[in-house]
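Consider the single chain below, provided in structure tokens and representing the form predicted alone.
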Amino acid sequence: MEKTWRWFGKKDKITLAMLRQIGVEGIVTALHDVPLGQVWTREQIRDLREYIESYGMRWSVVESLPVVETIKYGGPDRDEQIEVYKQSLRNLSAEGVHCICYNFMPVLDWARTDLLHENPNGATNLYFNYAEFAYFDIYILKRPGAREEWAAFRFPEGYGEGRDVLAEADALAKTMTPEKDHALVENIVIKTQGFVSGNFKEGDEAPVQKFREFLALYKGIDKAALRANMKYFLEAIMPVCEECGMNMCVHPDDPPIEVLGLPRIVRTEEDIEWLLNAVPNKHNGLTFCAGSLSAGAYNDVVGMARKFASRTHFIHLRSCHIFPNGDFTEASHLGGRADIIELVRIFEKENPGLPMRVDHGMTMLGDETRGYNAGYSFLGRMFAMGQVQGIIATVDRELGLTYRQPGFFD
């Protein structure tokens, strides 16, 4: 596997000089300063690529070239925006970048309710609490129909037995304060979205109202409609992908549940099988995010890796732990539901050489004071990278493959 790292450009507090020292070979990044819906020019791409290469690494994966909302809900200007997307693909290819990680999640990219949830070891991790999310939906967002949907909500078998999420949300409403409400909005809407060229950003004056306006765009869009719009998009760009050798790899929904009345269409084995078969082109592939998939109790992560290894173009190695009550948290990269050791065996055997990044890591040893993006600590991810590098080296020896640690004499 190519050991990569998600880096947020020249303004990132984590520098390329730091990454070179810890064995990173490839960079996963994007043109974060380009507004949504605008073409990425060759000049902009070249400038960033050459900067990365000046530190002895390569731009391995774009994460992400955003799919704007009008493409997802099928707005009147979606064809215009698809043409913008095609031109950006051509420009990236001309500059030697050939792998795009993207998602088709409406409005919200990824969601957590607590960004600094304490672990037993004193470090912190990202955490998803269903009652707090339901409270946000019902009492802060005040989405029509939210109360009825949460009343009908059921956890997968084996989790949350006897739990009444709606009653818990109502109980929270009696103890929440404006300050706590603000913190929850920051966690769900701003701090997990604002740094990824998303719909929301730091400093938005009325993020909840903006959220409502985005939700309104999806009125009448159900799972079948969103699937049709995704197929339309993929069929439109596949000729360019063929022409340019560009691999599109969709990221699974995170968390892999339907949220806020919005359909989610990349959360289960059946979903992934559908999208790969709907557009049966080798350039239509998967970002195998073990973390997102392991947050769904119904997902057999190892089985899915075996099934979809040949159509996987990029790997996120992380793992989630689901508590008996159904809430989940990021787990150790040696624990949780994902079984990263076995995943490395599968991908190194079936599709060796894929770019891999460790994805989210603990916040530890002062990470929380350094202003890093939520989930993207330095020391916590470096710790995870060390664990995963050891796994890869061991598996490569098992398989008779050569493992090389960049930056060291052999």
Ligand code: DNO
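Fair warning: this is a prediction, and the values are worked out from it, not measured in the lab. One-based numbering along the sequence shown.
Beyond what is shown, the protein has a form predicted in complex with the ligand; the following relates to that form.
In the predicted complex, the one of Y298, W274, Y102, Y159 near the ligand [non-hydrogen atom within 4.5 angstroms]: None of the others qualify; the residue that does is Y102.
Partner-proximal stretch of 380-388, 361-369, 38-46, 63-71 relative to the ligand in the predicted complex, 4.5 angstroms, heavy atom: Within 4.5 Å of the partner lies stretch 63-71.
Non-hydrogen atom contact D109 with the ligand in the predicted complex at 4.5 angstroms: Output for D109 is yes: heavy atoms within 4.5 Å of the ligand.
Contact flag, H316 vs the ligand in the predicted complex, heavy atom cut 4.5 Å: Taking the distances in the predicted complex, the answer for H316 is yes, it comes within 4.5 Å of the ligand.
4.5 Å heavy atom contact, R6 and the ligand in the predicted complex: Close contact exists here: in the predicted complex, R6 approaches the ligand to within 4.5 Å, heavy atoms only.
In the predicted complex, Y376 touching the ligand (heavy atom, 4.5 Å): Because a heavy atom of Y376 falls inside 4.5 Å of the ligand in the predicted complex, the answer is yes.
Contact set, 215-253 vs the ligand in the predicted complex - heavy atom within 4.5 angstroms: Residue within 4.5 Å: H251, and no other.
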